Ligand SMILES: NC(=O)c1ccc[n+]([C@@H]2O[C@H](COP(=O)([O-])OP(=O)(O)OC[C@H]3O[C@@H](n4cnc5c(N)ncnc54)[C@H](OP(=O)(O)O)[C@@H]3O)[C@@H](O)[C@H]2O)c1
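Here we start with a single chain on its own, the form predicted alone, put down as structure tokens.
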């Protein structure tokens, strides 16, 4: 039996990335899509060959034919509607960040445990083979002891009314894209940060952080990254070991039509003898959906658990606290 997915809303990421990536699978399908504007849902369903349309999120959540819900609503609605899905007995994969506070994640954990459903945070990057390989190389010591990680992630968006520029909706660089280097460093290093410090530049009109720079101290390494909503589009991650450096060239928006590469450099500053590891063309959204469906079907652990989401959220909260208070924040300070 195919597992039926339902989509909450007609968000751009759902229409352009996730739903197309889930097409043509033998084990699951997108069965329904809901919108508060039923015509918008109907248009998306016709374009993407989705069998069922709903005029409200609640109607989709209540449908017994929907087995798994994908929640790509605006950030400030993630926790609310994920909780509604859980309470309706639905498995749910929610876009990142799954909540804007650790208290909300804790509520989701409690609800998940009561209703015995699968709930995960949709970090598609954690499904891509380039990150599995990077983690393997780092943790096996192939680069020598990792002491420094550096990263950048930016885009340019000054459109008024865009949800990424609305503070009340969880907009700004840190919630939107800063969560990526946080989760990926935790994943690759296999550790949690001890303390963090953050510097934020706020847009005077939007009230969101348009540029955030972060230092995280892990037990084994220092991490430094910057994210911005108002810089030239760019992304990179570098892992520096005592013997070699590893560069992930397209760390987060990995394309689904081009092979990704990571490069390993043993100290050649001219980069004339760099080792390149290439990965077969794949779609990280397909891999994410397939892994989550398998966890539901086989009753195994989801790729990015709520406990992992809680740890990531606590780090982001600490970064905001640091920026407000102009000091290092120890993660143990947070309850």
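Keep in mind that this is a model prediction, so the values were computed, not measured. Positions refer to the first chain, counted from 1.
This next part talks about the form predicted in complex with the ligand, which is not shown.
Residue heavy atoms within 4.5 Å of the ligand in the model of the complex occur in exactly one stretch of 225-233, 243-251, 117-125, 144-152, and that stretch is 117-125. When the ligand is considered in the model of the complex, only one residue from 96, 84, 91, 186 comes within 4.5 Å through any heavy atom, namely 96.
Site annotation in the model of the complex: the residue of 29, 286, 35, 293 reaching within 4.5 Å of the ligand with a heavy atom is 35. Interface residue remark: residue 265 is not counted as part of the site for the ligand in the model of the complex, having no heavy atom within 4.5 Å. Interface residue remark: residue 10 is counted as part of the site for the ligand in the model of the complex, having a heavy atom within 4.5 Å. Proximity of residue 239 to the ligand in the model of the complex falls outside the 4.5 Å heavy atom cutoff.
Under a 4.5 angstroms non-hydrogen atom cutoff, the ligand in the model of the complex has residue 169 among its neighbouring residues.
Shown here without the ligand, the chain has 163, 164, 169, 176, 180 in 161-187 lying with a heavy atom within 4.5 Å of that partner in the model of the complex.
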